[in-house]
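Take a look at this single chain, the form predicted on its own, given in structure tokens.
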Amino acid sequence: MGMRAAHAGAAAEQVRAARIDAAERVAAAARARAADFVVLCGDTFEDNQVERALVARVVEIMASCRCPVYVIPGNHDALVPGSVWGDGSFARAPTVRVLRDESPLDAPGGVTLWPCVARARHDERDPTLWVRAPSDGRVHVLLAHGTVESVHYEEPWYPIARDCAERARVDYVALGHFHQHLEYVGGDGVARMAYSGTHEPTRFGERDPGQALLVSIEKAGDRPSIEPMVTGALRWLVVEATLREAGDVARTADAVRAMGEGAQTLMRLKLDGYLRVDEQDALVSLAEMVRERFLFGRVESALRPAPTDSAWTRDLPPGPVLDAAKLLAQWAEPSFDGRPSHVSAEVAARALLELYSMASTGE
């Protein structure tokens, strides 16, 4: 919460508002499903400098869950002097509890929580090493914020071992930090660790974001039931298109248009390949449509000018590549009647373009 969303351009305000709406949907889901309690595993806030009015609004939403809400600080909102966790709104919400110590505490439903608190932006130590749950018949849940082994993340801090659940002897490990939904299956074939991902997508390229997890554990040792619940609304789409033939720009525009209205969609259209001279205006129109049709739209072009004729072959050094180019140029002429019966002019033209691609990029 409080994400600046500069990467969304003029849509940044709507992106920030969507995160509030999604938080309200999380609270509504907690009420509808009669959750025993809710946990937030770090990075509830973008940083410790977010506006205090936003903190108060978020606390109000947490309190609306009508059940206890347990929150651990993450690396973005670490428990440091002057952090958001000192805001007075938390003291005015008795059902919202910020966990500040590495010590177990009892939660509703016969559950013991083991909170791992982030006290710095960066830390190279596994925050879960202190946890050793007893076999006392209670359901033990570890709350952690960090990077599980094998996750490639831009902020690889607070490393967490994949066997954390087994080593700590807990029934479930609720994870924060990674923005996508991801579950980890232990040696017993049971998933006892999971990232829920963010409640609302944050950027392009995320897999299965915009979710909360409803986790049910009947009794100690049971297999957790992990049910994803969609809470996000915005779609962050990445569409890639390679332009090779005449009409590809128009076909790409038709494909984008077929995606429907985009009031809730942020679009990143990535183009590569070759642009023909007579399709430059069509490309401008495509870029305008992407910007106007969606909440946010951007065209990223890696296009190169397509050859208008085979004159480029004169720059090739003598040898098999030049020989192939000359032959393909002949075969690509529709009026040429000396090409093999199994080769069409269209196929030859496509092959010549591929050869041009390799030659122009040094391949």
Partner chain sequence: MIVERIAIEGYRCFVKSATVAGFGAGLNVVSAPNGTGKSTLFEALRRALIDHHSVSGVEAEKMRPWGRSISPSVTVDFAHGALRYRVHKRFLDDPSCELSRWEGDDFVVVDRGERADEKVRSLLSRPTAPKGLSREAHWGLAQVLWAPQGMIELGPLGPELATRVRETLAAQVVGARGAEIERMVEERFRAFFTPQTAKLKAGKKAPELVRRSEALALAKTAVDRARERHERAALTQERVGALRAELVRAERERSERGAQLAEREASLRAFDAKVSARAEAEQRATVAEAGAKSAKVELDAWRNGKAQLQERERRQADAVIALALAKARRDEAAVEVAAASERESRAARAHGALSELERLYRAARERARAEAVLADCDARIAAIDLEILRVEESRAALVPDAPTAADVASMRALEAARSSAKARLDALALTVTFDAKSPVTIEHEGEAKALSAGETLTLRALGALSAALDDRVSLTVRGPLSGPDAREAEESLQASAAALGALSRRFSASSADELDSLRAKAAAASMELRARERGLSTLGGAQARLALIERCREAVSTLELVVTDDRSESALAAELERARIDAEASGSIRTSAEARRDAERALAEREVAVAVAEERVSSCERATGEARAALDELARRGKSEAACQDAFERAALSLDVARVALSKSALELEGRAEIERAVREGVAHCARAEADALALRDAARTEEGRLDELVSGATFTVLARAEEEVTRLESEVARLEVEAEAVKLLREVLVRCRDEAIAKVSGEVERAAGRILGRIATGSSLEVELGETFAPTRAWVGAREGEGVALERLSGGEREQVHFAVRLALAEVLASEERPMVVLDDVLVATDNARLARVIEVLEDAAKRMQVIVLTCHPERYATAREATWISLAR
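Quantities reported herein were computed from a predicted structural model and do not represent experimental measurements. Between two forms, the rigid core is defined as the largest C-alpha subset superposing within 1.5 Å. Numbering follows the first chain given and starts at 1.
We do not show the form predicted together with its partner chain, though everything after this point is about it.
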Ala93, Val249 and Arg276: each with a heavy atom within 4.5 Å of its partner chain in the predicted complex?
-> no
Within 4.5 Å of its partner chain in the predicted complex, heavy atom basis, the matching stretch of 22-30, 35-43, 56-64, 321-329 is 321-329
Checklist entry - Is Arg304 close enough to touch its partner chain in the predicted complex, meaning at least one heavy atom pair within 4.5 Å? => result no
Query raised in the report: Looking at the partner-bound form in the predicted complex, is Glu333 within 4.5 Å of its partner chain by any heavy atom?
Result: no
Check: Asp337 near its partner chain in the predicted complex, any heavy atom under 4.5 Å?
Finding: no
Contact with its partner chain in the predicted complex for Gln180, defined as at least one heavy atom pair within 4.5 Å: yes or no?
no
Contacts from 1-29 to its partner chain in the predicted complex (any heavy atom within 4.5 Å), listed N to C, are Gly2, Met3, Arg4, Ala5, Ala6, Ala12, Glu13, Arg16
Can a Cα shift of no less than 2 Å be assigned to Leu328 between this form and the one not shown, given superposition on the rigid core? yes
Worksheet item: When the two forms are laid on each other by their rigid core, does Ala17 show a Cα shift of 2 Å or more between this form and the one not shown?
Response: no
Any chance the CA of Ile217 moves 2 angstroms or more between this form and the one not shown, core superposed? no
